[in-house]
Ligand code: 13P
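Just the one chain here, the form predicted alone, laid out as C-alpha cells.
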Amino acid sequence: MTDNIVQEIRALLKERNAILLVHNYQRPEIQDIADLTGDSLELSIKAAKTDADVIVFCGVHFMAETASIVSPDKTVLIPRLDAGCPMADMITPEALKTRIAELGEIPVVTYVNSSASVKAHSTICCTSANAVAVVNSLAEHEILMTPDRNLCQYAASKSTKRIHCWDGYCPIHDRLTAEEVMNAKAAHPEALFMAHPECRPEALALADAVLSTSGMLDFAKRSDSQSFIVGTEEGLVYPLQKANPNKLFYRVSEFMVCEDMKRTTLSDVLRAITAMTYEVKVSENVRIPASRAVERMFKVTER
C-alpha cells in the first residue's frame, strides 16, 4: 500500500512539474520521498532556483509562507493546514508594533521561524545558524530580537550589544533541562552533545557544539567522533543516521517530539498534490517588506 502511494505521489509531482520539500523533523517515510530535505530557509532558497511550477512543502505553515516569499511566481502547497508553530504564534504584528513604540526606533532582528506578517515589520531576518553574525552586523548598539528568547540569549552571549529579547520560545527545545542532558551524557560518556540554540542557556552550557539542524548534519559528518547526543527535535536523528551509517546517534530526551512536524502523512501529501491543496500565498503588501528583511540577511551572510 505504501509503495503504491509513493508511486502515485512521484507520478503526480512529475505531471504537475512540482518539487517536494521536506523538513528534517518530518516523519522518516516523508523524508524518504523528498526531492530536497533540509531546514526551512535552505529548502525555500533551493526550490526558488529550480524550474518547478509547484512547491509542496512538508513542514509547518511559516515555512510554506517563506517559500511563497522567495518564490512568488510558484504555487506553494502545504499538505496539512493545521501544521503550525507554537513559537511563531507567540508574536503578532500588532504586538511587535506596540513593543517597537515602547523601545523606540531600534532595529528588529526576527528569526525566520515566524510569520510573514511579522517578518514584514522587521529590519532583518536571521536563522539559527547566522543569528550571531546578523546581530553583530548591525551598526546600532541596541536591538530587539524576536521571537525566540533562547536564540536571543545565545546571540547576546556572543555580542556586546544590548539586546531586548521577545518572550517566545519553541516548546520542544525549551523543555529540555540540564538534568536530562547530564543524564544522556552519563549514559553515553563517549558521545558529543550537539545542541540547537533554541534550547535553554543551561542546556547550551553543556553542549560540545551549538548548531542549527544543517550545522548538526555537517558537524557529525566531519567529526572524528563516532557517537553523538542529538539536542533537537528527534526527527533529525533519521537523516543523521542515514548520512552516517557507521556512527551512533542518541536522542537527548524522549520528549523532544514536535506534534506539528509529525502531522503530515503520505496520504496528506498525495491529497495535496492530487487536489492542489492547501495553497499558501503571501499577499504582495506583506511579501515585499518581508522579502526585504530576508534579503538583508542574505547580504550579511554573503560578506
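One-based numbering along the sequence shown. In this text the structure is predicted, and so the values were computed from the model without any measurement.
Although not depicted, the form predicted in complex with the named molecule is the subject of the following passage.
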query = Which single stretch, out of 154-162, 107-115, 222-230, 178-186, brings residue heavy atoms within 4.5 Å of the named molecule in the model of the complex?
reply = 107-115
task = Decide whether Ser128 counts as a contact residue for the named molecule in the model of the complex under a heavy atom distance cut-off of 4.5 Å.
result = yes
request  = Check whether Met63 has any heavy atom within 4.5 Å of a heavy atom of the named molecule in the model of the complex, and answer yes or no.
outcome  = yes
Proximity of Thr264 to the named molecule in the model of the complex, heavy atoms at 4.5 Å = no
inquiry  = So in the model of the complex, is the named molecule close enough to Ser68 to count as touching (4.5 Å, heavy atoms)?
reply    = no
message = Please tell me which of Thr213, Asn150, Thr146, Ser122 lies within 4.5 Å of the named molecule in the model of the complex, judged by heavy atoms.
response = Thr213
inquiry  = For the stretch 16-38, I need every residue with any heavy atom inside 4.5 Å of the named molecule in the model of the complex, listed N to C.
reply    = His23, Tyr25
